[in-house]
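A lone chain, given as structure tokens: the form predicted on its own.
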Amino acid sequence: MTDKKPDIRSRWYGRRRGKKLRPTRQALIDTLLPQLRLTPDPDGAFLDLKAAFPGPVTVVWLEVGFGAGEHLAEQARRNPDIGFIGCEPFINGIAALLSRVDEDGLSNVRLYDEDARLLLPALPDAAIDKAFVLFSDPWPKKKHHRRRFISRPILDELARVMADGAELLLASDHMGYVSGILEILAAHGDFSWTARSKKDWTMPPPDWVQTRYEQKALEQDIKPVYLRFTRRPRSS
């Protein structure tokens, strides 16, 4: 048993549910989700990520707010030796991902169907090799900026759970949000921006999987920004 982790307060402002689920998707919520769900220890012990997956995985990747799950499912399909943790409170998005997991027989996906802020304290130190925060809600009004996922406390927790050299990938089509998170990340000593030229943030990474939010932005002639940071090595 470990000492209890720091509290990251969470108050969910988005929708939990959309249209009524089709019977087949509701059945996946009732039967498959309980098999894949990660449940933090109420006493504060770290999750055993090695035991969370049925087979051995080389590393673990984390996606916060996976939407309909198209990115997470395709990455999991391409990388069967990597364990994937997806966080998403929106039940319709969870059902969409479960449908992909079921159809493709993906055994390397585990889910947390609540706010990711509540899961981070349960993850062990240096356990995550890559983290994605893609097209999260920009909360554009200034009075709502505190609702944004990226904040100093969250970066502190991400820095703790990410391995040295691990990659943090963020994408957004809202430039006000991009400016805000860049300011926070630039002030955080544990992350380094990898960009060396304009194409490094205007072009997606080579192994990119397009999301439906990204596609919608491109159809409206809005060009997203792709930010890649690495977790600096811990000091000895």
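Don't overthink the numbering: it's just position in the shown sequence, from 1. Here the structure is a predicted model, which is why all the values come from computation and not from measurement.
Beyond the structure shown, there is the form predicted in complex with a small molecule, which is absent from this document and is the topic of what follows.
- Annotation: in the model of the complex, residues Phe66, Arg117 and Leu134 each come within 4.5 Å of the small molecule through at least one heavy atom.
- Though the small molecule is absent from this view, in the model of the complex it lies within 4.5 Å of a heavy atom of just one residue from Cys87, Leu98, Ile150, Val109, which is Cys87.
- Checking Asp200, Glu167, Glu70, Asp190 for any heavy atom within 4.5 Å of the small molecule in the model of the complex turns up a single hit: Glu70.
- In the model of the complex, the small molecule sits within 4.5 Å of a heavy atom of Arg212.
- Note on the interface: of 123 to 131, 156 to 164, 109 to 117, 77 to 85, the segment with non-hydrogen atoms within 4.5 angstroms of the small molecule in the model of the complex is 109 to 117.
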